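Below, in structure tokens: the form predicted on its own, a single chain.
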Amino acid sequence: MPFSSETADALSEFKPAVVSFHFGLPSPELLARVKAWGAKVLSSATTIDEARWLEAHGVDAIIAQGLEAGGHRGIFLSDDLTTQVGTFALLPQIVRTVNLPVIAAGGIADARGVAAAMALGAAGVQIGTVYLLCPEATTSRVHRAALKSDAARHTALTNLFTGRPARGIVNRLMKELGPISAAAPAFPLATAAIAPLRSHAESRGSGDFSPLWSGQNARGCKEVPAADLTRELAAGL
């Protein structure tokens, strides 16, 4: 959803130290409000052009989101998915291009991946998929089952569940309609459109019509406390 004035009002009560955006940035007025709290602003770049744009528009750090990453793509300057490249191709190019800290995201699943990202110039890493089986995660039962199955080896970008491209485990809906479809309602209307079918299927224990977000490398997912997993990921630093 767009970052609105109402969202800014709600967040201003807490004055978070870091605010991260995913589809570019909000209006200059709202961005100025966020910075007035003293917050550091981060946003995702999926291309060199997006990284340059973010630097020019006042972010404090850039998240280099590779094609392997699960969930929504941060793409915002174009709708052309052929511009999307892998993390370890994108990361060093963005590091060379901007004068800001760069955070690597996408396909990093263990301590060796963290170390590799840092060796390529990352100031840090952003990891999502590997935490989805942690007890603290709100991951649904059908989603957890999919992540633990062989199905997790096959992911694709799809717009069927929200109207924007996002990477998830391939399921029945994606197979039958094709992962990217012009018939999908625009973001975020697709979420409500699929909700009744999703709810019915999940009540029967099926994830056939659910967004099973996952990156291309789910092998690091473990059913352990998030703190323990974090220590393991940082072990090689």
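Since the structure is predicted, the reported quantities are computational estimates derived from the model, not experimental observations. When you see a residue number, it is the position in the sequence shown, counting from 1.
We do not show the form predicted together with a small molecule, though everything after this point is about it.
Although the partner is absent here, Ile94 lies well away from the small molecule in the model of the complex, with no heavy atom inside 4.5 Å. Interface membership of Ile127, defined by any non-hydrogen atom within 4.5 Å of the small molecule in the model of the complex, is confirmed. Taking non-hydrogen atoms only, Gly107 approaches the small molecule to within 4.5 angstroms in the model of the complex.
When contacts are judged by a 4.5 Å heavy atom cut-off, Glu50 does not count as touching the small molecule in the model of the complex. Between 190-198, 170-178, 63-71, 32-40, the stretch whose residues reach within 4.5 angstroms of the small molecule in the model of the complex through a non-hydrogen atom is 63-71.
In terms of contact with the small molecule in the model of the complex, the residue from Ile75, Leu160, Leu132, Val114 that brings a heavy atom within 4.5 Å is Leu132.
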